[in-house]
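Heads up, the chain below is alone and in the form predicted on its own; it's given as structure tokens.
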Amino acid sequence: MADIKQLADKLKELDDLLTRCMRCGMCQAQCPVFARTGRETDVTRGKLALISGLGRKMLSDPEQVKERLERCLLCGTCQVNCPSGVQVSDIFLRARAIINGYLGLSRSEKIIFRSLLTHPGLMNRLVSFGALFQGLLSKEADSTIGTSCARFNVPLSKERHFKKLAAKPLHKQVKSLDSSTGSSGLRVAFFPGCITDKIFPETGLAALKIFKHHEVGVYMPEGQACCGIPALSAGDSKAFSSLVSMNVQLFSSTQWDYLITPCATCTSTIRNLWPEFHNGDLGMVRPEKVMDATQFLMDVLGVEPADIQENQKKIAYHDPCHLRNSLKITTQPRSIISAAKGNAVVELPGGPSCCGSGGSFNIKHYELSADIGRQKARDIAASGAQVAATACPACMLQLSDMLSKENISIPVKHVLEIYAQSL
């Protein structure tokens, strides 16, 4: 952090946000990480105590501060249950930016965020190259779920059961779209997101089929970049702002009514974090125009649940944290599943909870992530469901991994896929 005044200003902003925390400890009962470890340093109260006086601790042991801050899923469960209304996610993201600005990014983080994510064309070419050869390094794990595992001991893959890169990503199947408003009178900008594009293109195709069925015009420009959440979560504000600026320029070149994504994380990031953490102009991408796809279908297009039938297929719905906690969207995905005739939503034992994915948390703390996700897989099995559904591609990866490793052969679908199949 070369600019001392800038550092002082950022630390002052943090202190202002921290004043609301009363150290009451209510977050202990909500934190999925603390529930597994029981460590005070893993719960929100402990991390907030660490952040208090961050400037001094950065000088004494910055690596320890960074390590503790990264042991958080950013699921927001503590924030929505905080009696004092502490903006926990904002605090953690700002603290990570400060500590990483002080320590600097690792070599791998610089390559990923500043050389790949901010160059979507290069990223797409590398991913396509990797898809060609992934079969040599992996073998089938569960054919029903569609997972694979590594043939050899590779550090990143560990014991994961993963979904392979799509042989033909969405951007190669549908390069771009610019269709006119149909009978709905609406035109949407479509932001599929990286995981949908590169691993679950069927989700993106389902969304496009649904838009066509409801005669909604679609603007899907070529060259879309990542929404920026991986960079922001890692404290790289510079890469985050570059990604936001690239996308804003793309989506501000024409008129549309709503910006729609099928990814809970992308929706939350674009709607809440772009205005909060990007200093530049957001053009057409105003928060009130950004919607999750299921919210758009129910709240704008008026899609309603179908009549109850006999012998309906049981669909277990997992609430993504970015929909449930950040956007308060819980009814709409369930209604869209029920709108597909022959399907009924079943609730998970114990109610909604984080699946343990957490983006980079899954990579840096895989054992802990799997410990949380394993219970989610068992809850899905206990529900008696024939299909597991969610509205976030990152959660789909985690559920697929956990179900596959637990030998629970239940397919994982995006809500949009289920609805699109009924049209």
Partner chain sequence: MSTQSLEKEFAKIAGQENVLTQEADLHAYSYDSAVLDQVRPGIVVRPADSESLGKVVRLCNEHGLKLTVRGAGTNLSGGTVPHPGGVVCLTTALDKILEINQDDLYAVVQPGVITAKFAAQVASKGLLYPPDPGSQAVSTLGGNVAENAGGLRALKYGVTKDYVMGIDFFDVSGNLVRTGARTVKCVTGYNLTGLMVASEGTLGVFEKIILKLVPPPKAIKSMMAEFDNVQAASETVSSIIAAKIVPATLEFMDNFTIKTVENFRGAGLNTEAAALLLIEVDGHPAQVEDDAAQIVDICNAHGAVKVRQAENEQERAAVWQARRDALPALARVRPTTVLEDATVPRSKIPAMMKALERIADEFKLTIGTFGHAGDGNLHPTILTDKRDVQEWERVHKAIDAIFDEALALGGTLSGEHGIGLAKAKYMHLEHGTAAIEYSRKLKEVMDPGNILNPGKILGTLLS
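Bear in mind that the values here come from a model prediction, so they are computed numbers and not experimental data. Residue numbers count along the first chain shown, from 1.
Keep in mind the form predicted together with its partner chain is missing from the figure; the text below concerns it.
- None of the heavy atoms of Ile363 is located within 4.5 Å of its partner chain in the predicted bound form.
- In the predicted bound form, its partner chain lies within 4.5 Å of some heavy atom of Ser84.
- Though the partner is left out of this view, Gln386 does not reach within 4.5 Å of its partner chain in the predicted bound form, counting heavy atoms only.
- Residue contact check for Leu59: one or more of its heavy atoms lie within 4.5 Å of its partner chain in the predicted bound form.
- The three marked residues, Leu170, Arg187 and Pro221, fail to reach its partner chain in the predicted bound form, with no heavy atom of any inside 4.5 Å.
- Only one of 46-54, 350-358, 387-395, 371-379 lies within 4.5 Å of its partner chain in the predicted bound form by heavy atoms, and it is 46-54.
- In summary, the C-alpha positions of Leu48 and Leu59 converge in the predicted bound form, ending up at least 3 angstroms nearer each other than in this conformation.
- With a change of no less than 3 Å, the CA-CA distance between Asn100 and Lys57 is larger in the predicted bound form than in the form shown.
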